[in-house]
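Have a look below at one chain only, the form predicted alone, in structure tokens format.
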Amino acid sequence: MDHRTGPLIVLEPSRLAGTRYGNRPTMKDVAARAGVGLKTVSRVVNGEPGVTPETERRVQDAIEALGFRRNDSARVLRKGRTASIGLVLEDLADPFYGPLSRAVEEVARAHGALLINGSSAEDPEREQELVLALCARRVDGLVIIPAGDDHRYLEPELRAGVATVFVDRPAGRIDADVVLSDNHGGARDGVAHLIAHGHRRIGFIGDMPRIHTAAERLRGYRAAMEDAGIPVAEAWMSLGATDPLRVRRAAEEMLSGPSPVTAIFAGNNRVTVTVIRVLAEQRRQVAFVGFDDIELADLLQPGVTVVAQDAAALGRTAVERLFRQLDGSLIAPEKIELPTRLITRGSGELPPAD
């Protein structure tokens, strides 16, 4: 043995030797191994009657030995259903979509359907590619969190019978079912809460204005300020990408100058995390309310006051409506709006520092 190159490894022949990957065993292979006809194998695979226990045992043994799995493609052609639905999310990494996705999956499973999901990464073109790819795979229905504002590309699929429900944001330029949170009302309540604790200079930092939820939350902010008779300075509002650098710069600008804001309302969970970091660096006390709850919000000092939406209820309501479409029990598209909840923990109850 040459110690410079290490020990010689001898590979023993195995049962996988000669395997041609991609060639899966068929019903014909099962029938040949069990010594029965194709119809008998079909009855066993599909749980149909008319097979003796002994014959069924031989067929099951053959299935296990060969690693046979039923091909559902033929059943799709016969029944016109794939027992699968697609879920198109904005960002798989966003904590908000975890409970939403889980709720969709649980309802789909209860209906015997497989869930296939993917992310648009907030890109309208990628959303369209993903949606049409799912349609090409014959999914029975779609739950979509839209990135774009024009969904006319879906019209042929809707006419073909693909059940579709939008969630979190409405569809653009088509009539379709949508399940939303009360974004306007939730933001209005959160800002009114700050006003009730004595604040008049309140900043708003949100997502890109083309996004429905961001626009609605800004509208709620403006409404609360108008209700209280407080003029809003342009410098108090900042909408754009939610990357930490942009949000940090916006917060620092609002907190500087001769008349800084005494409170900030954050438009979503990603903005909230960055603003909390900025406020931790401030020497003076600044009140804060965020839209969307975040993990560990109750453990911070002070605890973070939030406007919470029920992501799981959004997903569950959307997919239940999808299956009602598939059952034929729904006709006209509807808009369903779920309430939000103000959770007070301390940061939103701080009085103005000046």
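The first residue of the shown sequence is 1; numbering continues from there. Bear in mind that the values here come from a model prediction, so they are computed numbers and not experimental data.
The discussion below concerns the form predicted together with a further copy of the same chain, not included here.
Enquirer: At 4.5 Å by heavy atoms, is each residue in 181, 193 and 201 next to a further copy of the same chain in the model of the complex?
Expert: No: no residue has a heavy atom within 4.5 Å of the partner.
Enquirer: Using a 4.5 Å heavy atom cut-off, which stretch among 185 to 193, 277 to 285, 155 to 163, 171 to 179 contacts a further copy of the same chain in the model of the complex?
Expert: Among the candidates, contact is made by 277 to 285.
Enquirer: Identify which of 126, 222, 212, 197 has a heavy atom within 4.5 Å of a further copy of the same chain in the model of the complex; exactly one of them does.
Expert: Comparing distances to a further copy of the same chain in the model of the complex, the residue within 4.5 Å is 126.
Enquirer: Check each of 114, 208, 233, 228 and return the one that places a heavy atom within 4.5 angstroms of a further copy of the same chain in the model of the complex.
Expert: Of the listed residues, the single hit is 114.
Enquirer: Determine whether any heavy atom of residue 298 comes within 4.5 Å of a heavy atom of a further copy of the same chain in the model of the complex, and answer yes or no.
Expert: Yes - in the model of the complex, heavy atoms of residue 298 and a further copy of the same chain come within 4.5 Å of each other.
Enquirer: Can you work out whether residue 246 and a further copy of the same chain are in contact in the model of the complex, taking contact to mean some heavy atom pair no more than 4.5 Å apart?
Expert: Answer no; every heavy atom of residue 246 is more than 4.5 Å from a further copy of the same chain in the model of the complex.
Enquirer: In the model of the complex, does residue 148 have a heavy atom within 4.5 Å of a further copy of the same chain?
Expert: So residue 148 does not count as contacting a further copy of the same chain.
Enquirer: Just to confirm, residue 99 within 4.5 Å of a further copy of the same chain in the model of the complex by heavy atoms?
Expert: Although a further copy of the same chain is absent here, residue 99 would touch it in the model of the complex, with heavy atoms inside 4.5 Å.
Enquirer: Along 89 to 111, which positions have a non-hydrogen atom within 4.5 Å of a further copy of the same chain in the model of the complex?
Expert: The stretch touches the partner through 91, 92, 93, 98, 99, 101, 102, 105, 109.
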